[in-house]
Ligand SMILES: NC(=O)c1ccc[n+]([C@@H]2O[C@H](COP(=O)([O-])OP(=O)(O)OC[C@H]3O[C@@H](n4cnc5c(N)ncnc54)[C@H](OP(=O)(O)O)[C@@H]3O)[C@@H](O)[C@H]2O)c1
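Single chain ahead, written as structure tokens, the form predicted alone.
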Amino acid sequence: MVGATADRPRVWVNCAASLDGRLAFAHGARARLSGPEDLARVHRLRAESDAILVGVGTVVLDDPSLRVDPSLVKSLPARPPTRVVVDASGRTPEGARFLDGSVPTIVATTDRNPRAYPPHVRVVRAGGETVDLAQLFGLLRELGLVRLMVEGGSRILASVARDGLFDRWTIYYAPVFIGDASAPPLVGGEVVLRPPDLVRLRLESVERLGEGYLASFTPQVPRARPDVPGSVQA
């Protein structure tokens, strides 16, 4: 599998955004931006992945199941992809579908989180105060997870982009504008003040997909590893 190494899985970031680069409505309220064609593509990607990762904000706001919809794929994988939530402080709601035990589940957290989870949930600690994504990805690789799909939200996407922790990035652009300043951007994080700080991508393809279009990117050049590894406060 191209991209997978002993250090981390092959990471495929996939998301849907409005034309003005928003992932959701004001204050993070869920926006169904994918059309039926893109939704089918997303579930095919899920079926081909070993694990699907989101941040705890996505779990709190959307309560996703992150399962593969059998009506949208030709056949279900022999083993369902493992669900991974990045939750530094234990914010995952007790009644979240993420914790229902229907498929293998990992909570990626920190040493400061004392919360106990159901016995069917694997707890992986990667960092003291915040979740170190580079360390986490290495631990997931050690668990045999070779193909990792990252679905968001904005903080996770920012950290993955900034630290070059991905091999492919696909964005479905819905033909809508959202425009609210409180709506989460595609990538948030640090302010970019000069060209060397830009995260540069190589455009691989653009195609019409239903009412919107799908753009696919790969990293243009490897980014230098920061002195302090990327982390997510969640």
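Residues carry their position along the shown sequence, with the first being 1. These figures come from a predicted structure and were not determined experimentally.
Here the subject shifts to the form predicted in complex with this ligand, a form of this protein not shown in this document.
- Residue contact with this ligand in the predicted bound form: T58 places a heavy atom within 4.5 Å of it.
- Contact check for R97: every heavy atom lies farther than 4.5 Å from this ligand in the predicted bound form.
- Contact check for A16: a heavy atom falls within 4.5 Å of this ligand in the predicted bound form.
- For the chain shown alone, T130 is a contact residue for this ligand in the predicted bound form, at least one non-hydrogen atom being within 4.5 angstroms.
- Look at 99-107, 137-145, 86-94, 67-75: in the predicted bound form, residues with non-hydrogen atoms within 4.5 angstroms of this ligand sit in 86-94.
- For the partner-free chain shown, S154, R155, I156, S159 of 154-180 come within 4.5 angstroms of this ligand in the predicted bound form, judged by any non-hydrogen atom.
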